[in-house]
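Given next, in structure tokens, is a single chain: the form predicted alone.
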Amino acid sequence: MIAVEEALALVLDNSFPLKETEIIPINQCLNRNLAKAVEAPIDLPSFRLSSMDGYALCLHQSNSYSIVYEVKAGDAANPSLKIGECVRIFTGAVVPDSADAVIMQEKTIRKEDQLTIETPVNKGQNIRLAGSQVQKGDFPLEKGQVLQASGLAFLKSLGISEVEVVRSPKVTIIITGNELMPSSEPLTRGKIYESNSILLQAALHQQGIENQLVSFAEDSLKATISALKKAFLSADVVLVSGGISVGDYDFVKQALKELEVKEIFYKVRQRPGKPLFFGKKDQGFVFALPGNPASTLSCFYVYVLPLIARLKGSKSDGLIRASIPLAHDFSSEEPRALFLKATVQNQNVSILDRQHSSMLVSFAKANALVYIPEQGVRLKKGALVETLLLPNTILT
């Protein structure tokens, strides 16, 4: 059994970016990683533009100007202004070459075609210069950059319609357990509704992984070997849910051994998720996750997510980690490291009730995990604790 830090280091040390890339339309690139840096094909903005609704001035000593023209956003006009002349202009419109500054309309008085300005004006005021955001030939987005909504919009503003991204990892999910039933059927004695498939699918989808297959294997060595053998044919990552403990009907560890999967580690000194297996088969990886839902998701966030990120070409180590003050006292005698469901709010973190590995209700309310190192702790309110922010968590 190894420590959490050693297990995570082994995951990262064995990770590598996938070599295959693809060129796809940017509207399909959300959460994808750039395979190479993006070169700007144009200046952005590509012309001098007004950042205000107001008047573009050809400056002189007086505070009085003659209005000779109007330029709206999208107009190509370039009126030649004489000293003391100005044009009515709107936000985003091209500033005439002969204009020195733009004054916002709230700081002026207009009477027909005469304008009086009420405050001093500096040369270049309220004018965004061509290339002030990005210059043609620059590389504003680096290799490995994760494309979020803002990145896609930025590419669009450069006139870029498609980019080269790292191929999305292919993931196969194998669900084991004779006690599991689909939610479409009435629940019978001794059975439970299966939920880990949607749990893992949703967590992968959140990372932009659409290439997923889900299969179910009964609790037998033959069925487990068959499911794993099929998964290894096409998957970059195989996630097995359940069957990795030491019970009489837990066959995953034996099946992995018979398929000559290289064991990188098995069992981590943590709660939940002690019976976690990480291994490698040829160029593919396999995580055998504990079957309890909270254990499954905790292990996914802490170990699987960093591997997925590295395969996609990112340098990320997984979830964002922050030191956040505890909202209450907390103590534990647990000798193993803990990943505790928690909520971050008002710049504090609260550890939730119902931390058992089988309980998803607390995870459903959580937006973070609090990491407590091995050997137990006694913490007072306000103590800083290492907090892993779940995807889409916003600190308030």
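Residue positions are given as counts along the sequence shown, with the first one as 1. Computed from a prediction, not measured in an experiment: that's the story for all the values here.
As for the form predicted in complex with adenosine monophosphate (AMP), it is not shown, yet the points below apply to it.
Peer 1: Check each of T224, N196, Q270, S168 and return the one that places a heavy atom within 4.5 angstroms of adenosine monophosphate (AMP) in the model of the complex.
Peer 2: Contact residue from the list: N196.
Peer 1: Which residue among E164, D138, D250, D100 has a heavy atom within 4.5 angstroms of adenosine monophosphate (AMP) in the model of the complex?
Peer 2: None of the others qualify; the residue that does is D250.
Peer 1: Since the chain is shown here on its own, which stretch among 76 to 84, 105 to 113, 284 to 292, 260 to 268 would lie within 4.5 Å of adenosine monophosphate (AMP) in the model of the complex, judged by heavy atoms?
Peer 2: Going through the listed ranges, the match is 284 to 292.
Peer 1: Is it the case that L180, even though its partner is missing from this view, gets within 4.5 Å of adenosine monophosphate (AMP) in the model of the complex, heavy atoms only?
Peer 2: Residue-level check for L180: yes, a contact with adenosine monophosphate (AMP).
Peer 1: L204 near adenosine monophosphate (AMP) in the model of the complex, any heavy atom under 4.5 Å?
Peer 2: Result no; L204 lies far from adenosine monophosphate (AMP) in the model of the complex.
Peer 1: I175 versus adenosine monophosphate (AMP), in the model of the complex: is there a non-hydrogen atom within 4.5 Å?
Peer 2: Within the cut-off, so yes.
Peer 1: Does G242 make contact with adenosine monophosphate (AMP) in the model of the complex, using a 4.5 Å heavy atom cut-off?
Peer 2: Looking in the model of the complex, residue contacts with adenosine monophosphate (AMP) include G242, since a heavy atom lies within 4.5 Å.
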